[in-house]
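Shown next as structure tokens: one chain only, the form predicted on its own.
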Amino acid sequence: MSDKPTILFVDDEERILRSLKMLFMGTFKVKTTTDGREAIEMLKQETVHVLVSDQRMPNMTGVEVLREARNVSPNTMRLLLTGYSDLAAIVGSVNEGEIFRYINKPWKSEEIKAIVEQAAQIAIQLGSASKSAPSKQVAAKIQAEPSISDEAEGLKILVLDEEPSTYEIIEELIKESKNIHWSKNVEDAFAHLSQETVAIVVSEVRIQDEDISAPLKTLKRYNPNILTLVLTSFQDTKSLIELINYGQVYRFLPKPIHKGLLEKSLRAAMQHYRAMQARPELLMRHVVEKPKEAESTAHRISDKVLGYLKKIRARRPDSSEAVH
């Protein structure tokens, strides 16, 4: 039993917990609770490799559980399992819980097993790497925050949006326009990405009245180092869930843009990007699901953009190979 990774399920329905325990007890040390607060205490007391939480629970929502879990046990891989495509939960699970996957109920046994097993392997590797990482690096990160313009020094940002307001706000925040490239269309954006090492992409989901989720998802497969912030008034929950699972979007931000929220998200992305540079194993958290044959997005990407994507993959740092 001690050699098995530990998985913790949080759901207010006992019948769901029983089903999940039966499904995973052969390969995992399975723990269950109907109480989110109890789940957080369990995370504080022992190593949990994978946390799977429901969203709609009476005392503590799944997003709240995931947010606290992220703080108390950062190496635990976090998944949201829910029967509701709740927009607030989708956004919160990414922005606050930084989840690995969003899984819909009812689940398919083989699919959820594959996802959880992949998450567990990543958690085990992250835990091993953390033991050898100097603790003073963590302490240094907690000290006084630099200004966002200092935080952005040396990092390139790509803004993909037809409207100038997004670019103008970021330029005002960072005060260094040479490190920010503004594209109004997908082809220009991917041409730039194929030539420059970009840290952060800030993108609208609809450009020229077309959904550009497909190239955004494919970009993450070709270069997992890039962190994507999606700005949109688009409320198609299915598409947003796919952007989590197939694009590992780092943050979802609503339009019209709130300057303070954008600044906070950019700062978090910059810090996370630098953390990945210092600890390449963190890239494993950003591995994306391979699209099913029937859901392949290649046919929705122009040949020119596919050509740029191949150049992006050829230019990506060697450390990204670890997640493919």
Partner chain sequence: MKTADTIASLTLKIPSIKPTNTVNDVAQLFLTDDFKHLLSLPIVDKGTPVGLISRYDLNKVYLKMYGRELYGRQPITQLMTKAVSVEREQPIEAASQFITRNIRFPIMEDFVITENGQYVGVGIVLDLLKAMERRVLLRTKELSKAYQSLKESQAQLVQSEKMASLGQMVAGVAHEINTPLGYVRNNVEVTQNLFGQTKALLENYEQLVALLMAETMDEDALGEQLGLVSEMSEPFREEGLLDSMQDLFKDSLYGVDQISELVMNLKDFSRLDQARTDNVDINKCLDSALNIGKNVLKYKVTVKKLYGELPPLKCSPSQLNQVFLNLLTNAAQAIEDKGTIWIKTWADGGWVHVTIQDSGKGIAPEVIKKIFDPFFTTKPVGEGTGLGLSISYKIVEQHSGQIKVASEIGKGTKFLISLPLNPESVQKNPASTARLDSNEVTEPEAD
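Positions refer to the first chain, counted from 1. Predicted model only: the values in this text are computed from it and were never measured.
Just so it is clear, the following notes concern the form predicted in complex with the partner chain, a form of the same protein that is not shown.
When the partner chain is considered in the predicted complex, only one residue from K255, K290, R56, R279 comes within 4.5 Å through any heavy atom, namely R56. Interface residue among R206, K238, K105, K184 relative to the partner chain in the predicted complex, by the heavy atom within 4.5 Å criterion: K105. For the chain shown alone, P164 is not a contact residue for the partner chain in the predicted complex, no non-hydrogen atom being within 4.5 angstroms. Remark: R18 counts among the residues lining the partner chain in the predicted complex, judged by a heavy atom distance of 4.5 Å or less.
Proximity of P146 to the partner chain in the predicted complex falls outside the 4.5 Å heavy atom cutoff. A residue is said to contact a partner when one of its heavy atoms sits within 4.5 Å of a partner heavy atom; G83 meets this definition for the partner chain in the predicted complex.
Partner proximity in the predicted complex, defined as non-hydrogen atoms within 4.5 angstroms of the partner chain, places exactly one of 83-91, 221-229, 70-78, 118-126 at the interface: 83-91.
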